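Presented below, as structure tokens, is a lone chain in the form predicted alone.
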């Protein structure tokens, strides 16, 4: 998915206008370029060419801004609302592969890596506030949307599992594996990109082997 399309998808999923999404995209860019110190209200307002008043109106204080940034970033992982009656084995696999590809793209991007590294750094000195936000506004929100697709697959009798949350945990583990950790530790993401598409396909096929309805 192209950057412009990711931005539009992220804004829509977070219930934001395109202008608000553009401001958050610039804020995320500041975080990547300058680290935590660059992420000030004045700096974001200047970089995004908007007033500090608008930032406070849209996102509240700095913590609210960071929360919105995480929600917006997580929204770039596309999921689709599907009618179980219209699902086929082929279309379900297609939706799952698209989801897996987006998940890999977003997690491997500079923005997600910067947010996760910042959360890890803060956890040892300031508590785990940002880490909790990443879980609540990031992974869990993605998981809720993915679970809806998995539930549709179960209703269509294409998937079998005890709970959608557990099934999503399996899918997430198969897709991400140790890749995210390797990149957080400094392995060059560009060198891994050639693995992304085959990884998504193989992860989904392994998931369907485990949870595809038999017979």
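Residue numbers count along the first chain shown, from 1. Because the structure is predicted, anything quoted here is derived from the model rather than measured.
Same protein, other form: the form predicted in complex with the DNA, not shown, and the subject of what follows.
Although the DNA is omitted here, in the model of the complex all of 19, 50 and 58 have a heavy atom within 4.5 Å of it. The DNA in the model of the complex comes within 4.5 Å of a heavy atom belonging to residue 62. Contact check for residue 149: no non-hydrogen atom falls within 4.5 Å of the DNA in the model of the complex. In the model of the complex, the DNA sits within 4.5 Å of a heavy atom of residue 40. Taking non-hydrogen atoms only, residue 54 approaches the DNA to within 4.5 angstroms in the model of the complex. Stretch-level contact check against the DNA in the model of the complex with heavy atoms at 4.5 Å: of 26 to 34, 41 to 49, 181 to 189, 165 to 173, the positive one is 41 to 49.
The Cα-Cα distance between residue 38 and residue 186 is shortened by 3 Å or more in the model of the complex relative to the form shown here. The pair residue 38 and residue 187 is at least 3 angstroms closer at the CA level in the model of the complex than in the present model.
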